[in-house]
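Quick setup: one chain, the form predicted on its own, written in structure tokens, and binding and motion questions come after.
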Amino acid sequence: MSFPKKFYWGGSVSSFQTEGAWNEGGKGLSIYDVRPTNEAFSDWKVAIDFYHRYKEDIALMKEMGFNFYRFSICWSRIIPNGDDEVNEEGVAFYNRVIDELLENGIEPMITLVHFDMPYHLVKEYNGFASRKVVDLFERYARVCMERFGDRVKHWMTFNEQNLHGMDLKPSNAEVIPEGMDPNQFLFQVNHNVFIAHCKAVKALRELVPDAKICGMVAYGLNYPTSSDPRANMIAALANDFSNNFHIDVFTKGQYPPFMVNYLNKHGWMPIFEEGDEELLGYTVDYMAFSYYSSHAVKAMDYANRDIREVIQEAVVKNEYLDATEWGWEIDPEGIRRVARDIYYRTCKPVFVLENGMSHRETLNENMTVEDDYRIDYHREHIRNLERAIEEDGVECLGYVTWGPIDIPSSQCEIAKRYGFVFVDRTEKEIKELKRYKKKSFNWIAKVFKSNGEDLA
């Protein structure tokens, strides 16, 4: 078995989890600069200081055999308040990063929004609750495409966009208008994000016609716990509502019938402004997904209930799987299932843009980490992805890991480490942020440089 000759191997990160330099280079306040974190955790002011250490980190990526790197642009570093002038210092920083990646043989991919936005847009407009912010996002997207599109040929609008349909926090629209049904508001905001995504797709087609753009979902794969038909139906519905709703809009250009019926039944169908249906027709070139874990759901009565509530109540521990310290069940075969399901549903190439396992770690006396568990995790996921390609005929563009150099988690918890490189800092002590290679560093380099052939 083998991967395609032009297969992408690399890593993914967000700006706020890597860059630091929160008040340098003309950057404006981001929502992450002001949003409180758990008192036991860190904050985002330094992260791993990629802003000043990007050359060192890119050299490590090259040593690991990367030929691909997905990073997000910090909106407030490009347009500080979101509605003011372009910050040329911010543009220059990302130009330096892109050029450094290309000089090291690493193809860059830009994510335009990874849950962040200028704080001014949150405070003044309630984030993506406002169509004004949708238009400002389009302007921001066009600036990035005009400045970076001559070298960047892979683009993504929103990280894990299906999460915008589950919670208001990713959209930074947490103020529900008085008297408005929270669910109606949620789906309206989610629709606004869809329109923002489609405006960016349209802009890329105009400005960088030789570039490719994708949609991305955090794919939560659901299994029934028994042969009870109710458990099987709940698992199918969970996959539809959690994953396929967004996949269908990205690839087919319209809301799927099951979602239209559900929203109309509850009175939550969002308002479509003039031109929205046409905009939804700007579909993606391929489907990207993050995959970390699967879920099991039990049988229960679900008739005449909101299926989203049923799904939450039905999730149980999968007795056949081990889990990480954070309770994420480890299911390598699931990545094959996800790749198959998306490819067969959409007939578009798929791309794994996040995969990995977290663990609490400290340096040993040899100034490394013996992380055999991480090697085992990635080996089995890569094997199953290979089976999806070789046996199931899935067209897959690449396998990209999350946080290949340790970064704080999405909750700003330094202890939750995913990387092949250990960054020496704690929640409260920054230290010198020295980088140390873990045992998995040399293993992943061997895998990537052999195009996935050497998994020993």
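Please read these numbers as outputs of a predicted model, since none were measured by experiment. Numbering starts at 1 and runs along the sequence shown.
Just so you know, the form predicted in complex with a small molecule exists too; it's not on screen, but the next bit is about it.
- The small molecule is not drawn, but in the model of the complex it has a heavy atom within 4.5 Å of S410.
- In the model of the complex, at least one heavy atom of Q17 sits within 4.5 Å of the small molecule.
- Not displayed here, the small molecule is approached by K416 to within 4.5 Å at the level of heavy atoms in the model of the complex.
- Contact annotation for Y292: at least one heavy atom lies within 4.5 Å of the small molecule in the model of the complex.
- This chain is drawn without the small molecule; in the model of the complex, the residue among W328, Y282, Y373, F272 with a heavy atom within 4.5 Å of it is W328.
- The contact residue chosen from D341, E354, E386, D248 relative to the small molecule in the model of the complex is E354, the criterion being a non-hydrogen atom within 4.5 angstroms.
- Between 375-383, 114-122, 249-257, 191-199, the stretch whose residues reach within 4.5 angstroms of the small molecule in the model of the complex through a non-hydrogen atom is 114-122.
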